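To begin, one chain is listed below as structure tokens, in the form predicted alone.
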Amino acid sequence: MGKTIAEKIFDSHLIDNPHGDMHIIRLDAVFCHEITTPMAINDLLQRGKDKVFDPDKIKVVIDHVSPAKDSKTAQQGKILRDWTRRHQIPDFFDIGRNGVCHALFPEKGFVRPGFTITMGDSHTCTYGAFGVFSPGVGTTDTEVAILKGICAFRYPKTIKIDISGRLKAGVFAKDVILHIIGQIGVNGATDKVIEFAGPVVDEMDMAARMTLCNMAVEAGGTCGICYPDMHTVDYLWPYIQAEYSSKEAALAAFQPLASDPDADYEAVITIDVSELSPMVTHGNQPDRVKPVEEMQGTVVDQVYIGSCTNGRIEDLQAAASALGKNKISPRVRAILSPATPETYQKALDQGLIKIFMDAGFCVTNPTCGACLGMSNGVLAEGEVCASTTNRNFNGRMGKGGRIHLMSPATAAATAVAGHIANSSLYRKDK
């Protein structure tokens, strides 16, 4: 019997199987941010275990509240800074050099095909876009990962989503993943890896694949994963070119990770997206999804473009194209937060920031703040936000606030209209 990509990576990192379906695997990297890691650091200190397994394999960023909004968040940042200095962790990205973790760390070349990565953050699953086994974990597992470079998991079981057809103009990866979650439900992949495959995924760039994998957890998935290919090689080439004689050699090294033809899956689901239109959520779960046409006219108070789901340069380009030379509606406020400084700089160089500012957007530094209602765009009770983030839970962006998830293009069009609307990029006849 063949193996899935998740099984191949898992088996190559397996250290022990102490009992039942509990397996200990070796980690290639441990990522950390200032919301969840300080708790792990303080507990290790109290236990007299203030150590790290390998400072070069730990990557650290301050991103969730950036800059700090109050004394509590400032203290969380201080704990992280003191810890990185104490252990001489070289890859620490503080204010000004930071960015949203799940966009920044791939951008820095820290995510490689075949890796195992954990982080105390549910959207660690984003890294699966590169052919990585990357579940989010809790505080206790984060402590063990920091201290020993290992983590315990059940043996991975996989659901394969085969995406066929051809996307219409104006339909994006965000629409695809919202549609998938709407089809299988928020518990449809609980304790399973979601393997994204098929001709549509093959054509997607890395930003689009990261969007798919980022929201695997919203269907209950342990993580999402894609096969590494030439898109992966092209993205990583600045960081791996010293290791391979050519891009073709790198591709040849990565291709064996792909699932075997006779691999065993828990389920195989085929979805044809040829007739898919832009999607948007309603209610308070990511599987409550409708076509934008059915939500047309729903009034919003705020529009937010950014996050680890849709804050990359490709997302900003799509949103700017949808904006054109239009101004945002006077009834809404609109916020743009590029995911990393590099993304911000590219957007400046390409004239995108001017488009957003001319339209009436507030452009902010990279941060996760608005996504989880901590800063940079918190909603008041009763307010509604059209957002490119990944969760529409009740109160997620502020107590009593409501969220509609959508693509950057749809969000831009919504900002102009003042209500949920399709972008001019969407063409039903294509």
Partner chain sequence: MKSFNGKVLFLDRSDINTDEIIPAKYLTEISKEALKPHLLEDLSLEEFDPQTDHADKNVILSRSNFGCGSSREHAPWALEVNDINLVIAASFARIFRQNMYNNGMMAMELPPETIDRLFSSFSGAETTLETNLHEQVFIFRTADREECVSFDLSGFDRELVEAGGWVEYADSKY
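Model, not experiment: these values are computed from the prediction. Positions refer to the first chain, counted from 1.
One more form of this protein should be noted, the form predicted together with the partner chain, which is absent from this view; the next part is about it.
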- Want to guess which of 160-168, 128-136, 105-113, 259-267 is within 4.5 Å of the partner chain in the model of the complex, heavy atoms only? 128-136
- Query: Mind checking whether each of Gln345, Cys362 and Arg402 has a heavy atom within 4.5 Å of the partner chain in the model of the complex?
  - Reply: no
- Query: Pick from Thr190, Ser274, Gln88, Gln241: which residue has any heavy atom within 4.5 angstroms of the partner chain in the model of the complex?
  - Reply: Thr190
- Task: Would you mind picking the one in Val299, Leu251, Ile150, Ala197 that has a heavy atom within 4.5 Å of the partner chain in the model of the complex?
- Result: Ile150
- Is there any non-hydrogen atom of Ile95 lying within 4.5 Å of the partner chain in the model of the complex? no
- Item | 4.5 Å heavy atom contact, Gln75 and the partner chain in the model of the complex | yes
- Quick one: is Met39 in contact with the partner chain in the model of the complex, heavy atoms, 4.5 Å cut-off? yes
- Item | Non-hydrogen atom contact Val384 with the partner chain in the model of the complex at 4.5 angstroms | no
